[in-house]
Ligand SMILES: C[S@@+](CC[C@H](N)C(=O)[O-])C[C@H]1O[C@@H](n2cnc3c(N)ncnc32)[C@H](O)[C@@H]1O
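Consider the single chain below, provided in structure tokens and representing the form predicted alone.
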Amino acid sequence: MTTQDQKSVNQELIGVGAGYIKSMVLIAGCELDIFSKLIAEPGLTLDDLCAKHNFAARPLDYLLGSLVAQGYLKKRDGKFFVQEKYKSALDLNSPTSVAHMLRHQGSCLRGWSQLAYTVAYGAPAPYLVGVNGAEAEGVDFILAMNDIAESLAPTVAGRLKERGLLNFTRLLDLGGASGTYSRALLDANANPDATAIIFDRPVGIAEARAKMSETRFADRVDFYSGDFYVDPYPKDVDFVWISAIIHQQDEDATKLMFENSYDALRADGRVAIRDVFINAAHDGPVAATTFGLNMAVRTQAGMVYESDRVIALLGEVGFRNARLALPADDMTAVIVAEK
């Protein structure tokens, strides 16, 4: 290798290592809600922001400058404004905002920064809660998942309908958070009288109530606040939807969830598990291997399952005809089985 080639390789690697810098500038702007503040009061100065929100002037000066340099803000006569094309995306109060997702990515990055610790010691590093506190991070997570689901849920529901797998009368949406999948599944279901139960922790139920009240499904959805690791499941349902949950837990917890789902279902009812699944060699697809690391740095027991193992666990608790009904290399893969 020539000296020039070596320099090129070195620069490439240094660039990869510095990749966090640009993302953290944007994420910090969202975590501090600078964009919403400037949208609500355009033209605030550095001194205005410090006085109104108790920010530290020296680091804020550099952060604002970086946000201008990266193109998210513009500065005129010492006053700051959000660039027009980013307003709806970065305003926490906008229905098309992705700011909650960016804040959640900040939470993830605090775990990812300790990936080497996790590999060395076999457990997530002690977690550093962000500037907004643990409760706000919980809300950010729920709304971030809503941001993703708003585009994915109708597609997944449509694919299930095409395969004749969406003919329920009473849906149980485990960990349904803001209810995005409940809405999509009800919308795609041919039965106009079908109803749903969203079962989640109080923070998720609060968001689900707010989101569902704005839809035509408001009077067809019930809310069940609790912990599905501890509390009994609602009974007499014919479709249990387990969406992006099993990767958070070990096999014992997953098997118990399947047992409880089996007991909750009517005869001939169906369970569906949406998740990302890893191959037998654990070297693909990319989304699965990456997500496995995300679970390693953020949970004590989370894992990415092989689809065959999930199918086997379903069979162990009594389900029949378990199969990968919607193959995919990402979080839109779905396994189904019948009672």
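In case it trips you up, residue 1 is the first one in the sequence shown, and so on. Computed from a predicted model, the values in this text were never measured in an experiment.
One more form of this protein should be noted, the form predicted in complex with the ligand, which is absent from this view; the next part is about it.
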Which one, 214-222, 92-100, 114-122, 199-207, holds residues whose non-hydrogen atoms are within 4.5 Å of the ligand in the predicted complex?
-> 199-207
Mind checking whether each of 141, 245 and 274 has a heavy atom within 4.5 Å of the ligand in the predicted complex?
-> yes
Listed residue that, although the ligand is not shown, lies within 4.5 Å of it in the predicted complex (heavy atoms), from 165, 188, 145, 194 | 145
Picking from 130, 154, 175, 269, the single residue whose non-hydrogen atoms come within 4.5 angstroms of the ligand in the predicted complex is 175
Could you confirm whether residue 228 comes within 4.5 Å of the ligand in the predicted complex, counting heavy atoms only?
-> yes
Partner contact for residue 239 in the predicted complex: the ligand, 4.5 angstroms, heavy atom = no
Any of the heavy atoms of residue 80 lying within 4.5 Å of the ligand in the predicted complex?
-> no
Would residue 258 count as touching the ligand in the predicted complex under a 4.5 Å heavy atom rule?
-> no
